[in-house]
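In structure tokens, one chain follows: the form predicted on its own.
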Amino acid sequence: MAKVGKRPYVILSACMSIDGKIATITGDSRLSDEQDFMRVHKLRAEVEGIMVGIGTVLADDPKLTVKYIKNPKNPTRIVVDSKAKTPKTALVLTYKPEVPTIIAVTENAPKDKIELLKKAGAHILFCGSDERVDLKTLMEKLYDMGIRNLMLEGGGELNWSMIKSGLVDEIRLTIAPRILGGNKAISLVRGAGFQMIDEAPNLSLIDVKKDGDYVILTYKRI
């Protein structure tokens, strides 16, 4: 993984349908097969941090740890949670509590909720005073904490915010042999979107693999 200055090298990892959806209109995101799960967990074991947004925590309650690999080193879990909505019972806090969990909030997050998260074992990072976490500040703070590379397993909104901020260096996409449709189904990237093609980041396709009916694409930012 290349050096990118004083922030972690960020790999966006996702499995999506042929039509670019990462979940159905009801939130069902079971697109991966066992081989894809193994690829994901192998990458988790190789990075120092794994990051999701509060939407993913509330919808899926993920553990964000490594399995399939013998004696793995679990990455630090990072949740982007502007208003400190993470439940104290969330698995990112209660499952394997010896694995560090960072909750990134804004200065406006309710103090009582922050105290509950601290008592549950979370390390709180204050990143900005606006409505949303300042992602560039978060990346700088993670770097200062020794995290040099991280895996982004975000939903469409967090993926958009990271890409718009120029903070995604590599994208690893598994294309599942499904078409989901749905105007309200979650896409790989949501948000406001770029207005002009020239505004969008330019990517280089560096690897293509076929695994049964699945296709794995790897891109790097130019």
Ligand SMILES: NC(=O)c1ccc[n+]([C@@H]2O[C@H](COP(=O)([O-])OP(=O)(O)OC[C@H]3O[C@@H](n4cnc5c(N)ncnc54)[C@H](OP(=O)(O)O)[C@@H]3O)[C@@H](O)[C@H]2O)c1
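We number the residues from 1 along the sequence you see. All figures in this text were calculated on a predicted structure; none of them were measured in a lab.
In what follows, reference is made to the form predicted in complex with the named molecule, a form of this protein that is not presented.
**Student:** Which among 70-78, 112-120, 141-149, 128-136 is in contact with the named molecule in the predicted complex, heavy atoms within 4.5 angstroms?
**Tutor:** Result for this chain: 128-136.
**Student:** Give a yes or no on whether each residue among I22, G53 and G155 has a heavy atom within 4.5 Å of the named molecule in the predicted complex.
**Tutor:** Checking in the predicted complex: I22, G53 and G155 are all within 4.5 Å of the named molecule.
**Student:** Which one of G27, P177, G193, G182 is close to the named molecule in the predicted complex, taking close to mean a heavy atom within 4.5 Å?
**Tutor:** That would be G27.
**Student:** Quick check on V168: any heavy atom within 4.5 Å of the named molecule in the predicted complex?
**Tutor:** No - in the predicted complex, heavy atoms of V168 and the named molecule never come within 4.5 Å of each other.
**Student:** Taking the named molecule as it sits in the predicted complex, is M38 near enough to touch it, meaning that at least one heavy atom pair lies within 4.5 angstroms?
**Tutor:** Judged by the heavy-atom cut-off of 4.5 Å, M38 is well away from the named molecule in the predicted complex.
**Student:** With a 4.5 Å heavy atom cut-off, would you call V66 a contact of the named molecule in the predicted complex?
**Tutor:** Answer no; every heavy atom of V66 is more than 4.5 Å from the named molecule in the predicted complex.
**Student:** Although the partner isn't part of this model, could you tell me whether V10 comes within 4.5 Å of the named molecule in the predicted complex, counting any heavy atom of the residue?
**Tutor:** Heavy-atom contact with the named molecule at 4.5 Å: absent for V10.
**Student:** For the stretch 81-99, which residues lie within 4.5 Å of the named molecule in the predicted complex by non-hydrogen atom distance?
**Tutor:** Contacts from 81-99: D81, S82, K83, K85.
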